[in-house]
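Shown next as structure tokens: one chain only, the form predicted alone.
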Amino acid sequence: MLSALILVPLIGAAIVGFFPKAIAPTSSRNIALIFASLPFLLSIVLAAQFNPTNVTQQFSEFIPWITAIGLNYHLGVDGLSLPLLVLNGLLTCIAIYSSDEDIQRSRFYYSLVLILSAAVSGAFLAQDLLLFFLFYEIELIPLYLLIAIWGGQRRGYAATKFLIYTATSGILLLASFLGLVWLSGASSFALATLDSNALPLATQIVLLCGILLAFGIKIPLVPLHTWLPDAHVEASTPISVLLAGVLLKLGTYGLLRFGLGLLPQAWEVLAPVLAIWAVVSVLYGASCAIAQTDMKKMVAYSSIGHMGYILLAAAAATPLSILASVLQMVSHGLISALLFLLVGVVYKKTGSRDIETLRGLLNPERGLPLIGSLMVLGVMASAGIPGMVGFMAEFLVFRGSFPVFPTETILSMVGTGLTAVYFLLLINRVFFGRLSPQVIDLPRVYFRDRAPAVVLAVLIVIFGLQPNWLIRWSEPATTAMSAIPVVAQRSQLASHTPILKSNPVTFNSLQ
């Protein structure tokens, strides 16, 4: 069943790309949407059959592949990867549905989107280091082409910069994986058989540094982030949705799965540094967002800041903070996708994303009232207003991280305040006041422009009111992978208060 999540999009890509007759762009989109919907529905079925209390990999598939080098086709899903699989399926459908009906070279475009979705699913499912690396590298090619061919005026520069950065990430990741397997004496790249405990601590730290740099580029974290704003600004709206909603999560997922999961002793040593790194990313991303006048670039820098919350939670490595990091990944995926969709509609109808130019778009008669209302909801969710999934994710990040890193957590909370500041500036300038001359007599906003944003907004509210529906899949798995015995013990000794080790704070204990 797991292989179908990879094979169905690939079959769809082949049909769309190599269909013997000419296909209208609308027909290409409909075919692609069918082949994107099937894996999404399949991931829902998987979630329904998934046993949350079983913390091991479920629905596993194993096929010996190139045994001479220790590479096998091994797939599995657990509470860490399942929510991200569902998110990938959902956002792929939304990206295809939101693509322009008359897009040029439509068959190639939709084929690349489907290949990208298959590669991301494969990375989340891979239970073999080398297999993960292959999927991690495969997704670079379609994403590079999607930016380079269908991007904005500076698409060549942005795509090349993206490729250089992420290729460097791949090199670092491969070197770290090879070092981990060869130095530990493992006979294969199977994730379940790797044991780094026999390695000297210094070696573990070196390997972890390579993994941190690799995924730090992918996430991205400051100062490895400079490719992201350019990529977002030049990418089309559907590709920005996928980039922010899913692809950045490969980095945070990798940190938890391979950094914390495989090298917990080194993770404990570097955890204070990671917490400081998280604070820098949060505050730098928020500060840069305040200075932007391009709506899309503001949302891009906001993403950099919000990725810092995930690093902070992962650094703390308590059961609650790791659970919070998963929730923050899903929350950011939904919220950032919503914001990029809405910015795309504004740009499509007004021809501008300039905060200094646009005015009064919330006007009920001549503006974009529904789009403006959804934007207000999206920025409220991003700023952590109660009732939205963003609030629950950030609250759990801070609650789970504070006992281990109190100062860093408080500084990161400042970032939440800054998020409210720059998004309120955006809302106040763009959506309130009199309509500026440039945006009078706007084109009609059709149902297909609104529908994807409405779906995301509903999910943001539902998971904000009922976070248990999301958390129940992940809590046992994240609790099991927690490094609490090593990280929290240091905190306990430092504070002389038996807080976490004897009574670990979990989501259920907060209820």
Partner chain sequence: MVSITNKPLNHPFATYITRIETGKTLLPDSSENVLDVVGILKSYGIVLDAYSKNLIYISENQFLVLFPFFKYFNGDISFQKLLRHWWHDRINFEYAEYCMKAMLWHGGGGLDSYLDSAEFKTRAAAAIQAKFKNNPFMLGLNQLFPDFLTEQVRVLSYYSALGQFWRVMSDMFIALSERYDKGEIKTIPQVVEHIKAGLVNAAALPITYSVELHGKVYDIVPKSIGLTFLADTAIPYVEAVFFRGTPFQGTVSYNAQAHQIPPDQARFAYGALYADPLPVGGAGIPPTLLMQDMRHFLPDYLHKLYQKRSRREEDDLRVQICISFQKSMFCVTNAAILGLMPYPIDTTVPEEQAVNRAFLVNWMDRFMTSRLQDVQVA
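Positions refer to the first chain, counted from 1. Quick caveat, the model's predicted, so the values are computed rather than measured.
One more form of this protein should be noted, the form predicted in complex with its partner chain, which is absent from this view; the next part is about it.
Chemist: Could you check which residue among 319, 122, 367, 285 gets a heavy atom within 4.5 Å of its partner chain in the predicted complex?
Modeler: Spelling it out, the residue with a heavy atom inside the cut-off is 367.
Chemist: Could you spot which one of 181, 191, 435, 276 gets a heavy atom to within 4.5 Å of its partner chain in the predicted complex?
Modeler: Contact residue from the list: 435.
Chemist: Residue 446: heavy atom within 4.5 Å of its partner chain in the predicted complex?
Modeler: So residue 446 counts as contacting its partner chain.
Chemist: Can any non-hydrogen atom of residue 442 be found within 4.5 angstroms of its partner chain in the predicted complex?
Modeler: So residue 442 counts as contacting its partner chain.
Chemist: Should residue 363 be classed as touching its partner chain in the predicted complex when contacts are defined as heavy atoms within 4.5 Å?
Modeler: Because a heavy atom of residue 363 falls inside 4.5 Å of its partner chain in the predicted complex, the answer is yes.
Chemist: Within 4.5 Å of its partner chain in the predicted complex, counting heavy atoms only, one of 323-331, 402-410, 367-375, 143-151 shows up; tell me which.
Modeler: Looking at the other structure, the answer is 367-375.
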